[in-house]
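So this first bit is one chain, no partners, the form predicted on its own, shown in structure tokens.
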């Protein structure tokens, strides 16, 4: 969940319409129209990505008059499907996959099952990837992938490539490094126990 108390505000006299803000926004809540950045105030999570990267300092974060919380509630009838999707993506459902917002795998899985089929929609629905905006693209992509969804990369600077996990290491690599003290299969066994652990 994420408590949203800030909002991006654009100084239209300073904005040069370069689209940097549009390209870095994790929820696609800022767009350039008529060479000026326009913020969708209902969608903005106040993450600061646009403010930090604006080359002319035209964007500032201000206190919201109406702070709100982003949280995706899991209804009981979804729980089994949510758990199944998390485990298919190699996450325990209660595992925190975004440390900035403390978003759990089950929240993202529930959002995906509810029809959120891109990282940007998932970020807007759960708050994930609206803190540092760096690490948590991987868990989102893994859960989407486990659901059979391959999102198209939006125009911008968002990285959509998946990095390998323990389960992706091939037998040749395992064999080559086993003498160096790497025990990939043992690690996989431990992780599988954690992933499949019950409450």
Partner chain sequence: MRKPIPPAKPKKSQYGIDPNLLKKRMAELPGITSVTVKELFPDTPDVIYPSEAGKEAIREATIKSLENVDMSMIKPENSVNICASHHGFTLLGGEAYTEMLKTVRDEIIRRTGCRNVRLRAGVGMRLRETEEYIKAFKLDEYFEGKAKGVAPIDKGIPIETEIGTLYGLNAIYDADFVVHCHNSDVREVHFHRQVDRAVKPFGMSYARAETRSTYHQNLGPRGANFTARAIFNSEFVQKKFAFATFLNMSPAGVVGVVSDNDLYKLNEKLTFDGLKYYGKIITLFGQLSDCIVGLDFPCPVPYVFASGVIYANFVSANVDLFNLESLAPYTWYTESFYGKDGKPLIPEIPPVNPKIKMVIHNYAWSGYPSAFFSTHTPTIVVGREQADLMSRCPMNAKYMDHAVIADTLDAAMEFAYKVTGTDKVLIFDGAAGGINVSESLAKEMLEKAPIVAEKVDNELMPIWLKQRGIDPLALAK
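Heads up, when I say rigid core I mean the largest set of C-alphas that superpose within 1.5 Å between the two forms. These figures come from a predicted structure and were not determined experimentally. Positions refer to the first chain, counted from 1.
Below: the form predicted in complex with its partner chain, not depicted.
Can you work out which of 28, 144, 70, 137 has a heavy atom no more than 4.5 Å from its partner chain in the predicted complex?
In short, 137.
With the partner absent here, would 38, 44 and 171 each sit within 4.5 Å of its partner chain in the predicted complex, counting heavy atoms only?
Heavy-atom distance to its partner chain in the predicted complex: none of the three under 4.5 Å.
Is residue 164 close to its partner chain in the predicted complex, meaning a heavy atom pair under 4.5 Å apart or at it?
The answer is yes: residue 164 has a heavy atom within 4.5 Å of its partner chain.
Contact with its partner chain in the predicted complex for residue 117, defined as at least one heavy atom pair within 4.5 Å: yes or no?
Residue-level check for residue 117: no, no contact with its partner chain.
Quick one: is residue 101 in contact with its partner chain in the predicted complex, heavy atoms, 4.5 Å cut-off?
Residue 101: contacts its partner chain in the predicted complex.
Give a yes or no for residue 12: in the predicted complex, does one of its heavy atoms lie within 4.5 Å of a heavy atom belonging to its partner chain?
No, residue 12 stays farther than 4.5 Å from its partner chain in the predicted complex.
Judged by heavy atom distances of 4.5 Å or less, which residues of 2-23 approach its partner chain in the predicted complex?
Sequence-ordered list: 2, 3, 6.
Could you tell me whether the Cα atom of residue 11 shifts by at least 2 Å between this form and the one not shown after core superposition?
No, shifts by less than 2 Å.
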